[in-house]
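Given next, in structure tokens, is a single chain: the form predicted on its own.
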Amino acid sequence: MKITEIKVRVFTHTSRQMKDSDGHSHPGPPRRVRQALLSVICDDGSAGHCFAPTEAVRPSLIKDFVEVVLLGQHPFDREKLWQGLAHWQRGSGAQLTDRTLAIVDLALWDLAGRKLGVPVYKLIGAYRDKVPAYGSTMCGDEIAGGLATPEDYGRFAEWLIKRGYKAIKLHTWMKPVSWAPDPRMDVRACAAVREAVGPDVPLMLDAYHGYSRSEALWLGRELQKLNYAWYEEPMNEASMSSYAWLAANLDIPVIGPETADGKFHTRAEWIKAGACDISRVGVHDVGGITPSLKTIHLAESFGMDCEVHGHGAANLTLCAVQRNGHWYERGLLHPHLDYDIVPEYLNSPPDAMDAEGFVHLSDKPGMGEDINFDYIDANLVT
């Protein structure tokens, strides 16, 4: 069994989201956008798949790096193949990113599950088959009836609890909102949500990522008064010392890092430095499931929780194979956006949530995504 082809299909589908000038997602009118599906194909016909941004799987990356490492290799040698790609990063001139590593790694895991006829979370070793979800909001905006005011956040929080979510995480206002960022407004939104849902619902804040130490400390102390469960990324994560200082001066758990470069190596340094109380990992942040498992076990060895960042089938898989994490991040959510609409390139939702707030793992072989290959092939970009 050998890998014989790396295939990338670029297709169009309908999106109801738009990004602002700082890259944050907001509701928008329906429009056609491009996406890619990377497939790793073997000589016996078996294949694994992963959706991807088109730039992360552009032809030069596939030809110069991915094919060089993967072609002719056994697809189950995931550690060897991941290490081979990771080694190439230094000499790639910053072209080969952790996002590309993640896409290839997820396709290999999907291939193994499909070949063996089991879900990936069972292949790794399941801890549970359903995960409680927290509702993760979009960033604040200036949209009437959206997330423009603290009162908007409070009303939306009430709806989220009625929908079944057992916890809520706020993303508050960031640039390019005309008056943002403002820690005082963050506190007003956090207070409005606490008042709306009562004292017992776990709440979290993902703050503006560029506050100063003094702003981050003041905001953290206000969150403590509101009994928030964790405090996420109020400062630039490149400054690990700032997070060590912040964690030492707050009682609320500080979680991180999320987007800091360095995979599990950086997360080890944060734990050693006391820069976080809860570790953080997401498949696209560190380069796939393979390095994410290292991060989860690293945190567990220090008696530390490791919460998974982001939604999707692969991150849900991580949630299902760990004991030291509690939540699945479902979102991003907004009053003007129906998150439960199934994308055209899938036949069923990847993370359907029941009325009790649990997302159940799929029993389909592989990563669990029910891919609509007919739709993709009918909407290819040539």
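So that there is no doubt, residue numbering starts at 1 and follows the sequence shown. It should be emphasised that the depicted structure is a prediction, and the values quoted were computed from it without experimental measurement.
Form predicted together with a small molecule: not shown, discussed below.
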Contacting member of K169, R194, K263, H284, with respect to the small molecule in the model of the complex [4.5 Å, heavy atom]:
K169
The small molecule: the contacting residue among E232, D152, D305, D98 in the model of the complex [heavy atom, 4.5 Å]
E232
Residue-level question: is R267 within 4.5 Å of the small molecule in the model of the complex, judged on heavy atoms?
no
Please run the contact check for H309 against the small molecule in the model of the complex: heavy atoms, 4.5 angstroms, yes or no?
yes
Would D182 count as touching the small molecule in the model of the complex under a 4.5 Å heavy atom rule?
no
Touches the small molecule in the model of the complex: H209 (any heavy atom, 4.5 Å):
yes
Partner-proximal stretch of 324-332, 342-350, 54-62, 35-43 relative to the small molecule in the model of the complex, 4.5 angstroms, heavy atom:
324-332
